[in-house]
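So this first bit is one chain, no partners, the form predicted on its own, shown in structure tokens.
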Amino acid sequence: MSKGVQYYVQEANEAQKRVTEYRQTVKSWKFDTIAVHGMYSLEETLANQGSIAEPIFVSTSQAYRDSDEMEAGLSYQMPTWAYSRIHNPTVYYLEETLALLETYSTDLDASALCTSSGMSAIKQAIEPFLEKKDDKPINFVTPSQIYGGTYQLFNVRMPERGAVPHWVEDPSDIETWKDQIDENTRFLYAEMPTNPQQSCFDIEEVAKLAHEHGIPLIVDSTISTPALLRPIQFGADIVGHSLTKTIGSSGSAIGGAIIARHNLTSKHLTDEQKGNYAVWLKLLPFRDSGPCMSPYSAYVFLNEIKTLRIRMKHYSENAMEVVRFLKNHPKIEKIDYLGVEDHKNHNLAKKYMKLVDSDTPMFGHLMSIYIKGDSSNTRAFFDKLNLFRRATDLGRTKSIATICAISTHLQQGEEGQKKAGIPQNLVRLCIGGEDSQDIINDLKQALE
């Protein structure tokens, strides 16, 4: 006998009420506890054969009890997994954990959407703001000091779609932001800090500026992670991550994430879109374009995020030890690391980047060093490294070195590299979890 669509809708509403109540309990926990448990409750543990770890749900789709439940789910009258291109239980656990960590110690609410890569997260996050509704030109404002892949997306792909970037030369100067905004600007976008130049911007001031113009601020916080910085706390509307990097520091999976606060600012979106942007993305644009995260990747990131604060503390402390060694080395021209007091952005970074649940400034794993001499000297140093892995990756447990001009920022060309501040003698170092003395010894022998 048919139970009716409303039976399943009511059942789902009651289940959702319990989830909402439990979420409030989770929000009261400390950062590490949220990172370890997220929304995977004891009740769900016992329902999953007592599995302590969040299970990997590898099924492509969900089966329904009858036609009424299928209709209720697929008409979006109740939450449903339906199809893993749209949503999946393992991915859900990761999304909830990220949303809770990014709004940690605030009364704000946010939702998250995980994607197949960091670049897909950026593309999914920005495209709805760039919808063309009339003949007016469209632009967005962003610093030129951004990740090479993002620069390519903004400088080449977005203009193909009619959206032109307005470049900010010095993101730490609020006046340079003001100069680039006009009535056709759809959003402001920045990294905090940038990769690899260690540029910073005043999140509170730029968020305030964006909201005065009725547009959102989008922040890529890949380098910082929520263990050191939570931009939503300071006014940002959307936070993006390449989970592939620092959060997933083992290097075992590719993925990205969008975390959007509820009721974000935008004069170009509808109230429904602004109310819960990440869920709206999931149910409509994301569903149709299909850049979904695999359950396996979500499982990897779930297990990595449990130790995020501990790792970021260790990487940051290691990086400071390396800086102390390199600071006066005769073969080093300059060091860009936010923990160096004479760095132009040190005080700005110190304001925002602190180890969670403490007042201790910490500046992460990323630094750039400039080798004295021409590019052949830089290559000789680079090729001599043994402990460091030569790769374009970053945020690894294993230390990584990259010559950005011939790798991550190669597509920008000479003019783009000059604008972004990427000379031939710049080597990006991402300090990992090895013993700091072994890291220093490898740098020492390579420099010699």
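Numbering starts at 1 and runs along the sequence shown. On a predicted model such as this, the values are computed, not experimentally measured, just so you know.
The form predicted in complex with a small molecule exists for this protein as well; it is not shown, and the discussion that follows is about that form.
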Check each of Asn88, Ser242, Thr142, Ser249 and return the one that places a heavy atom within 4.5 angstroms of the small molecule in the model of the complex. Ser242
Which one, Gly235, Pro295, Gly118, Gly73, lies within 4.5 Å of the small molecule in the model of the complex by heavy atoms? Gly118
Options 214 to 222, 198 to 206, 305 to 313, 77 to 85; stretch whose heavy atom lies within 4.5 Å of the small molecule in the model of the complex: 214 to 222
With a cut-off of 4.5 Å between heavy atoms, is Leu188 one of the residues that contacts the small molecule in the model of the complex? no
Is the gap between Gly255 and the small molecule in the model of the complex 4.5 Å or less for some heavy atom pair? yes
Can you check whether Ile122 is within 4.5 Å of the small molecule in the model of the complex, heavy atom basis? yes
So in the model of the complex, is the small molecule close enough to Tyr147 to count as touching (4.5 Å, heavy atoms)? yes
